[in-house]
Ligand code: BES
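Take a look at this one chain, the form predicted on its own, written out in structure tokens.
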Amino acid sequence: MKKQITWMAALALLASIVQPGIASALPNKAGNGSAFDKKITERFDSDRSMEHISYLSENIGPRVAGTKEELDAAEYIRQKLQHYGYETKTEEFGIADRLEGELTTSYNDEELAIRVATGSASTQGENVIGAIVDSGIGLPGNFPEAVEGNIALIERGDMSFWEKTKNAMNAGAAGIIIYDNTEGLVPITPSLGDNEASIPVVAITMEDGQKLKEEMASEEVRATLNITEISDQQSQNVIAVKEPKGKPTNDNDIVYVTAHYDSVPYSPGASDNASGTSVALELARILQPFPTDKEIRFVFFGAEEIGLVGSQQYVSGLSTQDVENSLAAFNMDMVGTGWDQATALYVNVMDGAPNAVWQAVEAAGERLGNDSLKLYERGASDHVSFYEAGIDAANFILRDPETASLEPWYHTPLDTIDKISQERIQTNGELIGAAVYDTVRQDVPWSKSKNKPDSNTNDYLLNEDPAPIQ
């Protein structure tokens, strides 16, 4: 019987790296916040957020761009937004063709986890079958004669992936397996740059490579390699708009609350990024009935993990007037990890300079007594697309304040809900929500018949709260 891939070895490896313990929160405790902050802090419900994380990461699981699972996640988000009272729009877009592969070895008929190299050839519907031949690090002239017509096993390191690939092709290999030279829970994705191989090229973990070499020392190990090109795939963004609500004003500003909902292969994506998605959904729920001067657009991006494709698609479609009216974009990505060392909430901005998002969240942190914030110069998430259009944007993500490291299970099969801190979801949801609400409620007029200024806070309080939302 075919043995499906397991992750017991990955679990053991992670245990040797870190003993995961769900950390305490980064509490909003030193300050009570303004009365308007309490509209958020008293309503944000992390139980609901955890339900979203559970559904996305456990019921659906890995949500790779273009797959049915990613589409299922989009539909879940759409239904939730409609339940909260929003009209929704789904923006579909094509994504680049990609390669998927399977590698099965004669050693226990085991299917190994692989990543297909960018620039790899497909097998065009036919399997490549052959003996696995140890080919060292892929130096030219050092390939055994037996590699001709078979599959070269090459260790990563000392030269580029393309050089190794070119040398193996020149030696007559029918396929290439590159194994990592450092420990990892999932295979790397080798890049051949702008080059294209004439044979399939895949990568496996160091552990799997070493296991194959041990087995090859005593007997021939054969492999079946199949690489398929997946084309004509689509991803989608899910959008809900909260129009300004209350007395008409001349304020045309737009504020964005965003998160991506896709994940990488093999990863359930509880932290990356069901956590950010869950906070954005909860903010959409509690903000829906509130009067605001500014328009809020809740945008949930697909295909972030393959190059910010969803956010680029969305931002490129904004009108010139929309861009001019865009005040700030709050982008959430990995805001709930329970890793003990991730005690700082990084506010990533492209140029490292304070902008409207930083100013809003810094002020909210001061009001709520939260000193976990760290302004940081970094891209690598959907705030980049807004920045490139000239819109103030920042990405929120938990990191180790000493090293800026992410959690050890980032982009691995171990990114599961048990690694999420509900306390941190609550704390960060309150903090970011307070910053968003403070931004969109500026200069909100009040009804003289029902509302009055609060002399203690100099803010205007709504005497009648919105009806509760289920």
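All residue numbers are counted from 1 along the displayed sequence. What you are looking at is a predicted structure, and each value in this text was computed from that prediction instead of being measured.
We do not show the form predicted in complex with this ligand, though everything after this point is about it.
None of 73-81, 250-258, 91-99, 377-385 except one has non-hydrogen atoms within 4.5 angstroms of this ligand in the model of the complex; the exception is 377-385.
Proximity of M350 to this ligand in the model of the complex falls outside the 4.5 Å heavy atom cutoff. Proximity of G307 to this ligand in the model of the complex: non-hydrogen atoms within 4.5 Å are present.
Contact annotation: L406 falls within 4.5 Å of this ligand in the model of the complex, judged by heavy atom distances. The closest non-hydrogen atom of I397 lies within 4.5 Å of this ligand in the model of the complex. Checking I296, A168, M334, A203 against this ligand in the model of the complex, a heavy atom within 4.5 Å turns up for just one residue: M334.
Note on contacts: among K39, H52, K419, H411, the single residue with a heavy atom within 4.5 Å of this ligand in the model of the complex is H411.
Taking this ligand as it sits in the model of the complex, the stretch 270-289 comes within 4.5 angstroms of it through a non-hydrogen atom at just one residue, D272.
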